[in-house]
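Only one chain is given next, in structure tokens, and it is the form predicted alone.
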């Protein structure tokens, strides 16, 4: 496969992409998750047909053939796409099964989206999985520049369109941002030729809080608009394009753990994230 000009691949690194079911933001139709599809695109650009997909969930998920259909436009020697399926009930915990499978597969680089579009959508899975495996993790990845047997060099997306270059030690988990290159279209032929291998795993433990949860569609929080009082068009454009600068912040370094915790709690209470401490509670502390 012809690699993009900005990607340099050294030693072969076994790469796995975690995929999940997604929902179209307008129609609600089931399909590929947008960030997961970008992670697969990044993996195909990096390792070609050797990329393995991994999914924990329902075998009849409509999104799985769409991921396998992305295995086109590769080198002539590349075979069909391969997906390892970990069958799991909707209320099962995917974390132990994914961690066990990744240990067995000897993978050194895992690509995934930052947040699921269905189910809990908490965004905690990449962090918990990296912690369970003892791996490095980097989030908000926009591109992979170089990958060898020891490190991977990536570009991390920052606010205001900025980018930061990071060098992450392998093995690692990369959570791909929505600004990464758009995924290729899914083709019918490769989707039919793709191989889905059901992997037997121990029965996952059910989440005890699943039955008590109340489910509702996630809603984007409204953003507070800046009021621009300038009557000049040039001044209004500068105010709209200007980068917002933080004010009143403090840089705290070399603090003892107890002092750092007190400062953090005080900040959360000032922002009304935590309830203020009453006089009686403060005396008890």
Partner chain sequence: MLQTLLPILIFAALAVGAVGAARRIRLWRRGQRSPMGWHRLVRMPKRYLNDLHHIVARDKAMAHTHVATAGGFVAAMALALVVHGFGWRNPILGGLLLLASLGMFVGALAVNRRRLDPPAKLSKGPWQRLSKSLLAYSVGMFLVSLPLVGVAPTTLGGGALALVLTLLVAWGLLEMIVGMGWGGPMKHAFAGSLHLAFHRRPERFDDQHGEPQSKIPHDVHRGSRSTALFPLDLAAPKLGVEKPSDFQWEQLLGFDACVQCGRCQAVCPAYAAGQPLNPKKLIQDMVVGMVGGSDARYAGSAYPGIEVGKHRGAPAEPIVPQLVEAETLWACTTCRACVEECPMMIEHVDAIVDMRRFVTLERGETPEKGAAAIDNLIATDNPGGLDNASRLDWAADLDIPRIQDRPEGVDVLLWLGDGAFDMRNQRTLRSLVKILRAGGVDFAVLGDEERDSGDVARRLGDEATFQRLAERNIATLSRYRFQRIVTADPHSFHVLGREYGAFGGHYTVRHHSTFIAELFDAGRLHVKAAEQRETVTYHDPCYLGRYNGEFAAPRQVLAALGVEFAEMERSGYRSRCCGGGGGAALSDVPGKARIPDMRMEDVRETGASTVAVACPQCTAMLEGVVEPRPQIKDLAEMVAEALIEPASDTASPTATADTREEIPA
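Positions refer to the first chain, counted from 1. Small disclaimer: the values here were computed from a predicted structure and weren't measured.
Keep in mind that the form predicted together with the partner chain is not shown, yet the notes after this line are about it.
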Single option in 78, 172, 128, 187 placed near the partner chain in the predicted bound form, where near means a heavy atom within 4.5 Å: 187
Partner-contacting position among 151, 101, 193, 163 - heavy atom within 4.5 Å of the partner chain in the predicted bound form: 193
Interface segment, criterion being heavy atoms within 4.5 Å of the partner chain in the predicted bound form, picked from 47 to 55, 34 to 42, 253 to 261, 65 to 73: 65 to 73
Partner proximity in the predicted bound form: residue 24 to the partner chain, non-hydrogen atom cutoff 4.5 Å: yes
The partner chain contact at residue 29 in the predicted bound form, heavy atom, 4.5 Å: yes
